[in-house]
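First comes one chain, alone, set out as C-alpha cells in the form predicted alone.
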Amino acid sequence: MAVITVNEEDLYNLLGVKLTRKNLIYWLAMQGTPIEREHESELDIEVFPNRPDMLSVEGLARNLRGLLNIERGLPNYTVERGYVQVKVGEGMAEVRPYIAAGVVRDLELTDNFVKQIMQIQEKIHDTHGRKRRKVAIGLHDLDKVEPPFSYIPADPEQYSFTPLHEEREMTLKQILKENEKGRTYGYILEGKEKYPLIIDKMDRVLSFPPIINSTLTEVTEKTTNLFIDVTGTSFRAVNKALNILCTMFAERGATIESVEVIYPKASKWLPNLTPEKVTLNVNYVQKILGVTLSKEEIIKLLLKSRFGVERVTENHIEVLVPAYRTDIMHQIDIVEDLAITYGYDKFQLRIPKIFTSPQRNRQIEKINELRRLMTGMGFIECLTFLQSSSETLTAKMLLPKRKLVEIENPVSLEYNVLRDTLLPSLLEVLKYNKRYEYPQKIFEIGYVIKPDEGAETGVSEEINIAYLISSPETTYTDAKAVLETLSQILNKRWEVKEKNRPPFLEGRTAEILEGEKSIGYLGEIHPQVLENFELTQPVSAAEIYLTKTLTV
C-alpha cells in the first residue's frame, strides 16, 4: 500500500463542497482509500497500488465527486495540438525503449500543488514504475529550453551537465558513481554500453532518465509551462503514467498540449486521452454482486464511478474507461467499482448454499515442508513473475526454440509468454542483486505453464522448485549436496546420471531420476548464460519437477 499526505482544505476546494471530518473519513474508506493517520490539517491516506490515478489529492477528489454525486460520467479533458516534438534516436530499443511526453501550460503553482506534484512523482516511481525500472518521470520548465527535443543513446563520457542539487558538471558515468540518485538507481543501467539522454535543439541536457534531471530545467514557483517526459520499458505503462499526470494538472485548471513523439518507424501524438471500451454483461454484474439491478441502475452506478456509457443493448453496456485508469483489464474490474459505488455496507450477508468439509491439502503441506527445509539450509525464497519473454526462456538460456504459452497482445516484450522453467527467473534475481554480499543462495517454488493439447484449457500447470548458489567457489558438488539433503529428509530415492543439457556446462551437469522417471536437472550454469544475464560469479543450480515426485 502506498500512503499519500493531503491537505484537508485543499481536498475540499477540489471537491467543491466541505464535509465533516467524520463524513470525509467514511467516504474515503468507501472508495477503498482509508485514513492511516489524522493530523490537524492533513490526512495520511492509503491507496492500493492498482490505482495510481488516486496517488494525488486531485485524483482522490475526482473520484469522490462521483461517489458524492457532485459530478457524474466520464471526466472531459481537452488536449490541444502542440508544436513540440521529441525525436527518438536509433538504438534506444536496446537502452530504454519507450518515451511518452506532454506539455502543460498556464500553471499556477501553490505550495499544496507543488507538494502534490513531488508526491505523485515519487509514488508512481515506487509503485506503477517499479522503483523507476519500468517507468520514470521527468518534469521540466519548458521556457528554459528550446524544442525539438531528442531522446538518444549517449556515450557515458560524451555528455556532461549539472544534475539537480549539484553545483558542478558531471559526465553520465560520474553521476552513477558520485551522485546520490546515481548510486541509488544506477543498477537499472547495468550492462548498458549507452545511456538514455534527453537533449534540446541546442544540445543542452534536460534529463538523464531514469536517474536525474538537469538543473537547467528545474521547476520553481515561477514555472508556468511544463514539459513532461515519461520513459520506461512498457509503452502502455509510460503512456498511462503520462495520462495520470496530465489529467492531474488539468484538474487544477492547466491546459494540456500534445507532443509529437517520433520513433524511427512511426510517430504518435501524446497524451492520448481517448477512453478505452469494455463490454459489460448485465447478467454477469448481477451474478457477481448477488443483487438484482436493472440496466438503468447499473448505468447510474457506472456514471457515479466516473465511467462513460456509449451504447446499450438488451443485455450489454458498452463502457468507456477513462484514459488515466490502469487497472481495468476485464469486466470484473468494472464490477468491483460498481460494488464500491453501490456500497459494501448495503450488501446483505448470506451463507453460501454449499457444503464443504475442511481438510489440509497434503501436497501443499509437503511443499511447505520443502520451504522450511530450504530456508533451514540458508536459502532465501523468491517470488517471481509467471510471465517471461521468449528470448529469456530460449536464447539467453542456450535452449532451443520450442512451443511456449504466448500472451495475447502483451503490453511489453519483457512479458510475452508464460514460463515453463523457473531458472531464468532466478537468474534475473541474481542479476539485480550483484551488489550484495556473496555467497547468494536463493530458491523458488512456483508454477510453470506448458502447452497441452489434451487439456481442456490447452495448457497444463505444474509446480517446480529451483535453487541457485552464486559464489566464487561454487561447483556442481554444491548443487548435488543440497539435492542429497532434500532426498534424505523427504525420504526420496533420487539419483543423478550424467547428461548434458543447457543451460548447464558440458560435463558438469546431470539428470535427476526417481527410478526411471526424469524429475529434473542440476549442474553448473554455462559461462555464456552467465554473461547473457550479466553475472560475474559462478552459479550452481538445480530444478526439480515437484508435480512428478510429490505424490499424495
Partner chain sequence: MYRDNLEVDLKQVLKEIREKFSLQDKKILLAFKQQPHTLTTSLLVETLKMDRSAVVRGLLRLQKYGIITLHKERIKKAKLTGEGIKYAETHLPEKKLLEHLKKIGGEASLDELKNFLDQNTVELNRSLGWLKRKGLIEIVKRNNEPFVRLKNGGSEFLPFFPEETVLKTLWRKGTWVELPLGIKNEEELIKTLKRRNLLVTKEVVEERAELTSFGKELLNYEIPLKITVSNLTPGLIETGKWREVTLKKYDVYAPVAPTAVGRLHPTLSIADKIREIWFDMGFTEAIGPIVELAFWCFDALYQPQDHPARELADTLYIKNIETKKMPPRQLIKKVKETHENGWVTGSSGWRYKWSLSEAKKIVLRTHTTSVSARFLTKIKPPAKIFSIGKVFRRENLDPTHLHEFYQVEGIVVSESVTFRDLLGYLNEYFSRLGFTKTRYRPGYFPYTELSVEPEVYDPERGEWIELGGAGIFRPEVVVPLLGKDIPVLAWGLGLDRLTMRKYNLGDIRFPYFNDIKWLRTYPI
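These numbers were taken from a predicted model, which means no experiment stands behind them. The term rigid core refers to the most C-alpha atoms you can superpose between the two forms while keeping them within 1.5 Å. Residue numbers count along the first chain shown, from 1.
One more form of this protein should be noted, the form predicted together with the partner chain, which is absent from this view; the next part is about it.
Interface residue among 225, 433, 112, 121 relative to the partner chain in the predicted complex, by the heavy atom within 4.5 Å criterion: 433.
Only one of 449, 95, 399, 152 lies close to the partner chain in the predicted complex, with a heavy atom inside 4.5 Å, and it is 449. Just one listed stretch, out of 197 to 205, 163 to 171, 76 to 84, 377 to 385, contacts the partner chain in the predicted complex at the 4.5 Å heavy atom level, and that stretch is 377 to 385.
The candidate spot formed by 42, 70 and 136 lies out of contact with the partner chain in the predicted complex, as no residue has a heavy atom within 4.5 Å of it. Shown alone here, residue 408 lies within 4.5 Å of the partner chain in the predicted complex, counting heavy atoms only. Looking at residue 344, you'd find a heavy atom of it within 4.5 angstroms of the partner chain in the predicted complex. In the predicted complex, residue 481 stays away from the partner chain, with no heavy atom inside 4.5 Å.
Using a 4.5 Å cutoff between non-hydrogen atoms, residue 372 counts as a contact of the partner chain in the predicted complex.
Interface residues of 267 to 288, taken as those with a heavy atom within 4.5 Å of the partner chain in the predicted complex (partner not displayed): 276, 284, 287, 288, in sequence order. Relative to the superposed core, residue 535 undergoes a C-alpha shift of no less than 2 Å between the shown form and the other one. Comparing the forms between the shown form and the other one, the C-alpha position of residue 433 differs by 2 angstroms or more, with the core used for superposition.
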